[in-house]
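Take a look at this single chain, the form predicted alone, given in structure tokens.
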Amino acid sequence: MKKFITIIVCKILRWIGKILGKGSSLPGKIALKICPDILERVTLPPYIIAVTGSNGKTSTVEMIAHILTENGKKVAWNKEGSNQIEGVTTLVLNSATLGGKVKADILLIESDERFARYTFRYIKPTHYVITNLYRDQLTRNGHPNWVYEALKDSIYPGVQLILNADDPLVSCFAEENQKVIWFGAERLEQDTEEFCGIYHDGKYCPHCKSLMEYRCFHYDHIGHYSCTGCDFKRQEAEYKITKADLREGVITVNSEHEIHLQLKSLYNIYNILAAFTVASLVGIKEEKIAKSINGFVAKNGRVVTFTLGNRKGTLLTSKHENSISYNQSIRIAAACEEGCEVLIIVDAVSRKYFTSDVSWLWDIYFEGLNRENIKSVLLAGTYCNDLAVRFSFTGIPEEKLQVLETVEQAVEVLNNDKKEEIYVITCFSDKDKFLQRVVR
């Protein structure tokens, strides 16, 4: 009876929440107060796929759900992205019958990396994807090594780990686990032999602390590495990107399957490859996976095209307090060979924490915008002066920079007859402040 009441309450609260436009965490929070072990009382599907990591969780989960659904699987997944224990509880109970059986072939869970150990205390994944571990939200997460230790507690015996072979810290999860599938990228045309960035989190071996050698860097510390002091090294990937033509927006998986990209970014191909790997492991044929994901457009709103007057533009949503997310947006803008103008907006620091800490701005590789094809860089928002100080160290000529206190001023400046495309780089908190002033 307690299980029945808890499920009923959760469903009613979720229904009310949808009407009011509220989030999906509260119903699960109330359900856990009524019955703290409710997740142990429900009957789950045979496949439970979990995805976690610093970046790419939402995009990867959305792609997995798309592939599986298009190929006949019934999938229950947290579309709203509410990825802590309360949100996952809401997902499970609202996907269940009143008797407590989840009505799906596959339960697909996006999990916050810090709180995965709490979620998976009750729900044991059959397949567990770990995308990457980066410096992210200093106030909340500290250093990636801290997050690594937190994630270790979420991995239980028997789970099929699906790991990014090109991330040294993620690779360490394999050491105490026998069931591991690796995904990664072969050496690609866009790779560099030298590190490009502000800090190098892969410089030292996570085990013996000796220097690491890299045969190539895909971006930041993601690449092909080996330790000079012990036998720690990148593992060969079973699922891999064997070719990437970012100019044409085409990648090749396992030397056979071509996939056309909507977002021409090395960063995005890892999300695609993780989704490809998961779908293959649960029985979808690779040619069908490639067909499903070809030209797939994520609905999470991280990339938005717009027009401002007669000008075309692209807004790239970066994750605040996460320098690698920003670095990849910068890399996309810098690759615009026809020439472009770039607007960077920092009007809020965090969605969750009321802090004015902008130290993370110094971790972002803004130097990547010091290129001839970048005609000008506009710095806008409450923290425009903090941006200006950071940019004074980039080597970008002062005449290319313009500092504006408000987003509205930036829109007015960009609304002109220039032919160059506009790239806007900002965060979730600030993107609508720009988009509400342009045509989408």
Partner chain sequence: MKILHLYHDVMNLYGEYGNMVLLTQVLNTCGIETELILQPLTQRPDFSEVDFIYMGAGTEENQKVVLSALSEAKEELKDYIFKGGYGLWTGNSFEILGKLLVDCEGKEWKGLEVFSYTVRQQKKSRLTGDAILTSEGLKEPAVGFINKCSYIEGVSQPCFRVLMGMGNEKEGKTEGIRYENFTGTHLTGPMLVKNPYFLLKLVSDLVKKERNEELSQEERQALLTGVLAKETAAYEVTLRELRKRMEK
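Given the structure is predicted, the values throughout are model-derived calculations rather than measurements. Residue numbers count along the first chain shown, from 1.
Below: the form predicted together with its partner chain, not depicted.
S.K.: Since exactly one of G100, G368, G313, P206 fits, which has a heavy atom within 4.5 Å of its partner chain in the predicted bound form?
M.R.: The residue from G100, G368, G313, P206 that makes the contact is P206.
S.K.: Which one of R215, R247, K291, R140 is close to its partner chain in the predicted bound form, taking close to mean a heavy atom within 4.5 Å?
M.R.: Result of the distance check: R140.
S.K.: Even though its partner chain is not shown here, does it sit in the predicted bound form so that R135, D363 and N385 each have a heavy atom within 4.5 Å?
M.R.: Yes, the whole trio is in contact, each within 4.5 Å by some heavy atom.
S.K.: Look at the stretches 33-41, 54-62, 389-397, 409-417 and give the one with heavy atoms within 4.5 Å of its partner chain in the predicted bound form.
M.R.: Only one stretch passes the 4.5 Å heavy-atom test: 389-397.
S.K.: Can you tell me whether Y199 touches its partner chain? I mean in the predicted bound form, with a 4.5 angstroms heavy atom cut-off.
M.R.: Yes.
S.K.: My question is simply whether Q178 lines the interface with its partner chain in the predicted bound form - judged by any non-hydrogen atom within 4.5 Å.
M.R.: No, Q178 sits far enough from its partner chain in the predicted bound form that none of its heavy atoms falls within 4.5 Å.
S.K.: Is there a heavy atom of D357 no more than 4.5 Å from a heavy atom of its partner chain in the predicted bound form?
M.R.: Heavy-atom contact with its partner chain at 4.5 Å: present for D357.
S.K.: Would A335 show up as a contact with its partner chain in the predicted bound form if we use heavy atoms at 4.5 Å?
M.R.: No, A335 is distant from the partner.
S.K.: Scan 146-172 and note down the residues that get a heavy atom within 4.5 Å of its partner chain in the predicted bound form; none is a fine answer too.
M.R.: Heavy-atom contacts within 4.5 Å come from W146 alone.
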